[in-house]
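Starting off, we have a lone chain in the form predicted alone, written out as structure tokens.
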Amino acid sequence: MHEKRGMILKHRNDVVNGKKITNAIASELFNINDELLLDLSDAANYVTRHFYGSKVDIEELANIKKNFCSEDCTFCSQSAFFNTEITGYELPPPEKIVEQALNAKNDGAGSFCLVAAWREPSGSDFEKVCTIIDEINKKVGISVECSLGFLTAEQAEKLKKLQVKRYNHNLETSRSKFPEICTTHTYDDRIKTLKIARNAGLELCTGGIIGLGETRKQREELILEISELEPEEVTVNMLVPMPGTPLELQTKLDITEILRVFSTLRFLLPKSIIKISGGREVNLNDNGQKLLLSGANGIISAGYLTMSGNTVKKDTEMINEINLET
């Protein structure tokens, strides 16, 4: 046990001193005995504090097109394949999204992400989104991020010109699990869009959902695949089973399995923002405090794509309780 604790501290110090850990070391950390999870968590927190201090990144989302998606992702209540009885809508007028962005900024959010439920934007829809971004830039002045599905190189370049900071496109799950989760596109389709965004000069945000019925080995596979992309931001969602989807009866992951993901990601990506995303309020008893002391340094606040969440005020109080700041 003492030897394993020494191993964790050695790799913590290596990471702080700029040394990149290997996949083999990451695997050893990820699969550490439960008795040493607190040591792993504390070490990940040490790395986070070294690179980020006490700052927690708060982001708000705007679901600018809800429901009617052509893809069959088994976790998603917005898929047209499943009868989930949620209320859908098409792209709203720009002024409505500008108002949301202004409220997000006033709430204390540091970034605002536009998310659309579709495989990829049509030419006309993409132009509407560009208009929305332009209006936010002119009238709000908040960091804009986008999650619009598959992109062409031309579209990615246009987003960059509009000063979009970061593009989100999640891997969703590991390569080996992906065919069980989605059949209407491939894992490599998702990698391709991330590379297009990177080539256009956009920062990357990618991650996935844990608790889809994957094995621990597949969760390990996912975080190693995320690490290879070297994203500036990682977003980790915890499944909330939605009625009407194939995963509606899926059981929750134990907190120990969630801790492994966040802590090991911090070792792999010491300088990235690692964000606790969808499912935080449902899957965690403390709204994320333990994870914010175990490698995470960001949260999505004020709701997600199809469900509400804590207010920014409540989340700010939660963060301050553990002596961190927004």
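Bear in mind that the values here come from a model prediction, so they are computed numbers and not experimental data. Note that residue numbering follows the sequence shown and begins at 1.
Keep in mind the form predicted in complex with a small molecule is missing from the figure; the text below concerns it.
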Query raised in the report: Among 157 to 165, 123 to 131, 110 to 118, 249 to 257, which stretch has residues with heavy atoms no more than 4.5 Å from the small molecule in the predicted complex?
Result: 110 to 118
Query raised in the report: Heavy atom within 4.5 Å of the small molecule in the predicted complex: which of 214, 220, 145, 172?
Result: 172
Query raised in the report: Within 4.5 Å of the small molecule in the predicted complex, heavy atoms considered, which of 240, 202, 194, 140?
Result: 240
Requested in this report: Decide yes or no: are 47, 231 and 296 jointly within 4.5 Å of the small molecule in the predicted complex, with each residue judged by its heavy atoms?
Outcome: no
Query raised in the report: So in the predicted complex, does residue 105 come within 4.5 Å of the small molecule, heavy atom to heavy atom?
Result: no
Query raised in the report: At the 4.5 Å heavy atom threshold, is residue 190 in contact with the small molecule in the predicted complex?
Result: yes
Report task. May I ask you to state whether residue 76 is within 4.5 Å of the small molecule in the predicted complex, using heavy atom distances? Result -> yes
Query raised in the report: Is residue 149 close enough to the small molecule in the predicted complex to count, meaning some heavy atom within 4.5 Å?
Result: yes
